[in-house]
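Form predicted on its own, single chain, as structure tokens, below.
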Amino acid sequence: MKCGACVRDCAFRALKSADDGTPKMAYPDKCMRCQHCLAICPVGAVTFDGRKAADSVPTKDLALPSLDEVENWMRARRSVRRFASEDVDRATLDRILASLGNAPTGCNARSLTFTCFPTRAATDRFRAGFISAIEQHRDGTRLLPRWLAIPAIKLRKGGEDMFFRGASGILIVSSDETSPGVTTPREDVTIACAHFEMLANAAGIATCWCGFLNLVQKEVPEILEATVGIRRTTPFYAMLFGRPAVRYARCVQRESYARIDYRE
């Protein structure tokens, strides 16, 4: 059509129109691989890295949640800390993790790694390795902080799992802050976790944000490096997940917590 829609929407001006109006990739080094050109073409004339418009989901008449439905999800979502024993369906988990490729990242860096312990057996092995690393560290010259040592001792003795809440699965989202083009590694991780929570909840999977591991990285980073290869400087966050062992009867009321400051 030579309508120029793709050229006008190219944020980094990698595309330009030839003399006859045909769009062309004039500056490949400027392309951030956002696929806006593929998405905006009204007739599907653009192919990007072998991806064809015919294989994309069309947005016309696409079923999307309403504002009411999204608001209800935000009110109803809970950080669940009581999980059932069964594993999450692997096909559903595979679908959710693949969908996380659509979560936005700064400058479209796409430099995230999703390390997943998908079953209770895998999570138990990670949990055992984590406790073992704590105990080995305890034998060293540096004393562990009480908030880490005491729960570890209780868990080893069969007590409450204050670390991982008995979840059947753990997802660790990390960013390679050393990769070229990565400008917002911590924000990218947080956004991906939020999208995982949304998708998981839609599939009936409970989640809980596990900030505890970030405290471990800050105080004793060698433990995480030994168990999952998370370095001292690696931006990451962990999400616990599994089938819920609890059902909440109603939403909570938090709208008054939003402090709104209009500047007109």
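Given the structure is predicted, the values throughout are model-derived calculations rather than measurements. All residue numbers are counted from 1 along the displayed sequence.
There is another form of the same protein, the form predicted in complex with a small molecule; it is not shown, and what comes next is about it.
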property	result
Check all three, 8, 33 and 107, heavy atom within 4.5 Å of the small molecule in the predicted bound form	no
Residue 72 within 4.5 Å of the small molecule in the predicted bound form, heavy atoms	no
Contact label in the predicted bound form: residue 27 to the small molecule, heavy atom within 4.5 Å	no
Distance check, residue 127 to the small molecule in the predicted bound form, heavy atom within 4.5 Å	no
The small molecule contact at residue 211 in the predicted bound form, heavy atom, 4.5 Å	yes
79, 136, 113, 92 - the one with a heavy atom within 4.5 Å of the small molecule in the predicted bound form	79
Interface stretch in the predicted bound form with the small molecule - options 149-157, 79-87, 169-177, 98-106, non-hydrogen atom within 4.5 Å	79-87
